[in-house]
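Coming up is one lone chain in structure tokens, specifically the form predicted on its own.
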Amino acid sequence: MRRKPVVLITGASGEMGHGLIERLSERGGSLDILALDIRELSPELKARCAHTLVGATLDQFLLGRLVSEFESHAVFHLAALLSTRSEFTPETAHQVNVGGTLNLLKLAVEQSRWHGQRVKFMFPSTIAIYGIPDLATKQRAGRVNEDQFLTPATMYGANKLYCEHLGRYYSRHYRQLAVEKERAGIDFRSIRFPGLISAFTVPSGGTSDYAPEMIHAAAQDQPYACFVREDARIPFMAMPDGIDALLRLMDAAPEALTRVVYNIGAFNPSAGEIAELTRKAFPGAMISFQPDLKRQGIVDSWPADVDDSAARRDWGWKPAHDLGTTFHEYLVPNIRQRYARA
């Protein structure tokens, strides 16, 4: 029985999975989409996939089925337990975020041995891998590059940073003392994403989610108490640009890449600036600021902005949306339509 050539997407029903499946299905190509998530995909999303599976990346039986039935040529490993949820169950977060990634890396190695080609392994990382010690240092630091302040203060950030190192190892140094060199292997590529804002999916467990939560609440005429200060500032990005970045990096020629992991950025408003834009778009918005000191401390440890010059130079990264177009052309029209239908 011939195995089916696919691009595997884990965490497929999440915020990023929705957009990625839509874009890949519109692209077409020789590889079918195999979507994996712990929840059943919506009928609309399922219709865009050739194959769907319900299960976890920690399920060894399921992973065995992936190897026996499918021939994976690319992997988008989106499944993760996000920052806020990870702090409530750090050990579980480690199992999911690190154990799940290690399982997928091992699967990709095995797949490359079967079909004799390198498997592209696309890994969304995060600005949570940074750990700036205090606000004064954050203000002095300005735009932070990929090699600064790598001392995360959260389990999620620690997990993601370690997985970046795992990916680098599997991509460049795997079994380096073995007598026989691996014939193919993994082409690991990672992006450290800022806070991602989606008009089509409701945020679920990220510490940067105060921005999308604020907007979705306003569109439903619900009050929202923001858990960070008005002056809190981190980088953000519209979800379509995040999807575009993953696909651009996937398409980049290997010889053009000088790094395994890249920063990308778009805009970096304060929480107060986001609230002001939200109030203008939804005049009845009921937004207050009630900082949670612990979550605020996490946000304060992340950069106010990132240096993404390597991504711009190596693979032509450039966001299509700035803060204004994100609000006025992407978020507001689509969120209004979403809740008008509800």
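Bear in mind that the values here come from a model prediction, so they are computed numbers and not experimental data. In case it trips you up, residue 1 is the first one in the sequence shown, and so on.
Keep in mind that the form predicted in complex with 2-amino-3-ketobutyric acid (AKB) is missing from the display, and what follows is about it.
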Open item on the list: I need the one stretch from 78-86, 102-110, 134-142, 261-269 whose residues put non-hydrogen atoms within 4.5 angstroms of 2-amino-3-ketobutyric acid (AKB) in the predicted bound form.
Closed with: 78-86
Open item on the list: Quick check on this chain: which one of L246, A238, A211, I127 has a heavy atom within 4.5 Å of 2-amino-3-ketobutyric acid (AKB) in the predicted bound form?
Closed with: I127
Open item on the list: By the heavy atom within 4.5 Å rule, which residue out of S198, T207, S72, S190 makes contact with 2-amino-3-ketobutyric acid (AKB) in the predicted bound form?
Closed with: T207
- [ ] Tell me, yes or no, whether F121 is in contact with 2-amino-3-ketobutyric acid (AKB) in the predicted bound form, where a contact means a heavy atom of each within 4.5 Å.
- [x] no
Open item on the list: Where, within 138-170, is there a heavy atom within 4.5 Å of 2-amino-3-ketobutyric acid (AKB) in the predicted bound form? Residue list please.
Closed with: Y156
